[in-house]
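What follows is one chain in structure tokens, specifically the form predicted on its own.
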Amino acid sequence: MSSAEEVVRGLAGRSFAGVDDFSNQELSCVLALAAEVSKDRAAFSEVCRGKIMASLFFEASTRTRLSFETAMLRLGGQLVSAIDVGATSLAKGETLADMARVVGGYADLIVMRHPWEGAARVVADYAGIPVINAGDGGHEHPTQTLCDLFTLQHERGRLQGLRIALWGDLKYGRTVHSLAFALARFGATVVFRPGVGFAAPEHVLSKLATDYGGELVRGDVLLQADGEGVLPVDALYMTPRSPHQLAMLPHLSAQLELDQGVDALYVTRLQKERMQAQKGDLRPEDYPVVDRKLLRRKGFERSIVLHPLPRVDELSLEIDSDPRSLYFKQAHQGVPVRMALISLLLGCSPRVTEPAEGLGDDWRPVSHPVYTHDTGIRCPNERCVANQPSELRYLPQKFVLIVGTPPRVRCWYCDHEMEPPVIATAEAYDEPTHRRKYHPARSRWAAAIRPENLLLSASSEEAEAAGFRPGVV
């Protein structure tokens, strides 16, 4: 384990475009410093004197924008801002890369919210200064996750072993995507309780199953014993505290987890601004509401209630007075958390604090090989930054390869996955044309071809246009 001093030095100059950009030690360092800021804010009032933060919010925001700007001002820094994309050169067709290069010469740090998924990662690649993702479409919201982790750790004293129910719009709610990944890394159990038609995207569940070492159990096999528990659920992710048990009886283990109730409800509103056309009318009863009656039911007696806000109808006003309702406190804690993050990325932190016990175990992202072959496959997400007309001029399609049968590719920018139906090997280019074969992705050839030689095509027609012929399955 690295010392706190080494972790702090390693954060200076870094960007934070997604929760997996930081190790567990690095996330823990931010949380530990945020606790110090909360205790003695005056000690941090001059640490960013002379620094300028560019606040670029191209989607509506109240809490996130104001908390970031408040955080920078309380650190003694200054601001430049843009909050209307129509008033910037982006409206004239300027690329994100060019904007990043320009703004990177004006400021010391960029905080950006943008409707395109993966946009923050592109800006981080080109700005030359630290970039913080304040929300990119329905993809991620990593600094909200820092606030959520800070609140959970403060209220429950730990993250490992907690059972957290993600509640509401899990399809478009970017806050729950980032939070699910972080909770899995810190050893929590994650219960997915969506509104009808708003289940967590398959690429989010797939990443949980592939990258974090736990067990993902689908909700249709989970039974509710007495009709009063947390179900219906869509899925449940368990960190392997007892790997042998999980390997042999994952569904029983999941039921035992659910029978113990949940430690926290993380509620999200319906993200209407990102909704695609729904089949039929959305009925109010299809969207779960947290109210006084629910909090009295079995399994919720000691649950705290969190919400990234703003709320609409999914969180009853009647529970505001319940001491377990912590969403306004959670919002206020966004300022010290963001003060800590900004000061660390700018290399201005005046002190180093050891992480709290239970938060220091290190974790690094799974290293998937980069898919290096240009075979014409494209990210299936129409909201991905790599699919936007202004960015197509310079931004390549970029994927990592998830090895398996069948193999999958994951978009570098937005994490959406696809399973190309046809595979071949790059070694075939050394063969005569008539011996170049392609095969179904679910055939035995998926395991026989080395990952670095694997060629993926979106269709047999594309494989044949590239000079391959049908092979033997």
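For clarity, every value in this text was computed on a predicted model and none was experimentally measured. Note that residue numbering begins at 1 and tracks the sequence as displayed.
The form predicted in complex with a small molecule exists for this protein as well; it is not shown, and the discussion that follows is about that form.
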Can you work out whether T64 and the small molecule are in contact in the predicted bound form, taking contact to mean some heavy atom pair no more than 4.5 Å apart?
yes
Evaluate L309 for contact with the small molecule in the predicted bound form, applying a 4.5 angstroms cut-off between non-hydrogen atoms, and reply yes or no.
yes
Considering only heavy atoms, tell me if S349 and the small molecule come within 4.5 Å of each other in the predicted bound form.
no
Taking the small molecule as it sits in the predicted bound form, is T175 in contact with it (heavy atom to heavy atom, 4.5 Å or less)?
yes
Give me the residue from R113, R185, R193, R121 that has a heavy atom within 4.5 Å of the small molecule in the predicted bound form.
R113
Just to be sure I understand the contacts: of S343, Q144, Q333, Q153, which is the one whose heavy atoms reach within 4.5 angstroms of the small molecule in the predicted bound form?
Q144
Only one of 202-210, 185-193, 73-81, 167-175 sits within 4.5 Å of the small molecule in the predicted bound form by heavy atom distance, namely 167-175
